[in-house]
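Next up: a single chain in structure tokens, the form predicted on its own.
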């Protein structure tokens, strides 16, 4: 598989000098769903920001299709990768439909009106937000905002998606739908990197899992190879059972008294 993204020895230091990402090498190939896991403060979101080009690495290099990610012109980069951040906020009370349509901005003057409409309508249906279209974005619940923001990213129609905790505020049904959507995007040849906290959810859908711990890459590989009781104990500080679910994917169950 061709690597859509590659981080090679990437380090990012805060102004204080502390390393938030420390010497990480990782690939996100086309046709692949990569789940990025780790405890709070492990460096997952910072690594995603380095991959998106929003942050400049202190050392090492991030490339997209073999070219330094920060060397891409902004508009062209926006047509190649879409980014969903944790903060689902808007400065103004835009309608939900307006927010989704913002995803088409990188294609202004390049796509037909029919293509724009199709992308927006498809994203609306994929995220189950049609009943929200006339609502003001600030009036939505946290989960509704997350789904609208994801619809904007889907409407962007890029070959690469970088998603930071898209399931965090969602109910069980919509968590599963988001992960199925990400899995389908990868199946169709896209590259998807998704930050999630639910280890079982990641194991069910991801082709590979990368686990961050203390700013470094603790493990990377197939879910069944990476998710072991010893590694989870070392990274998360909790004992777990790893059992097979009915569908054959690993279930991570905390050891409870």
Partner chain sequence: MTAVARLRGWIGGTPHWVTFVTLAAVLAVAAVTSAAVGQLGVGITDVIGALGRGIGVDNAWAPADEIVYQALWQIRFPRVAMSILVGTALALGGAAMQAIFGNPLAEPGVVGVSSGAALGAAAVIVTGASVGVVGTAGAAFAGGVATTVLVYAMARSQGRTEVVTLLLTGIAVQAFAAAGLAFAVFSSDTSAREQIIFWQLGSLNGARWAEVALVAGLTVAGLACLLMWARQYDLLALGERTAGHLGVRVERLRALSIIVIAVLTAGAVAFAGVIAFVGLIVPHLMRLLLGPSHRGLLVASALGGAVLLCLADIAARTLVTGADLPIGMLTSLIGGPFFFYLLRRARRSQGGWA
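Numbering follows the first chain given and starts at 1. Here the structure is a predicted model, which is why all the values come from computation and not from measurement.
Keep in mind that the form predicted together with its partner chain is missing from the display, and what follows is about it.
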| query | finding |
| --- | --- |
| Contact test in the predicted bound form: residue 81 vs its partner chain, heavy atoms, 4.5 Å | yes |
| Contact flag, residue 117 vs its partner chain in the predicted bound form, heavy atom cut 4.5 Å | no |
| Contact of residue 74 with its partner chain in the predicted bound form (heavy atom, 4.5 Å) | yes |
| 4.5 Å heavy atom contact, residue 93 to its partner chain in the predicted bound form | yes |
| All of 52, 85 and 99 within 4.5 Å of its partner chain in the predicted bound form, heavy atom check | yes |
| One stretch from 104 to 112, 122 to 130, 180 to 188, 167 to 175 that, in the predicted bound form, holds residues within 4.5 Å of its partner chain by heavy atom | 104 to 112 |
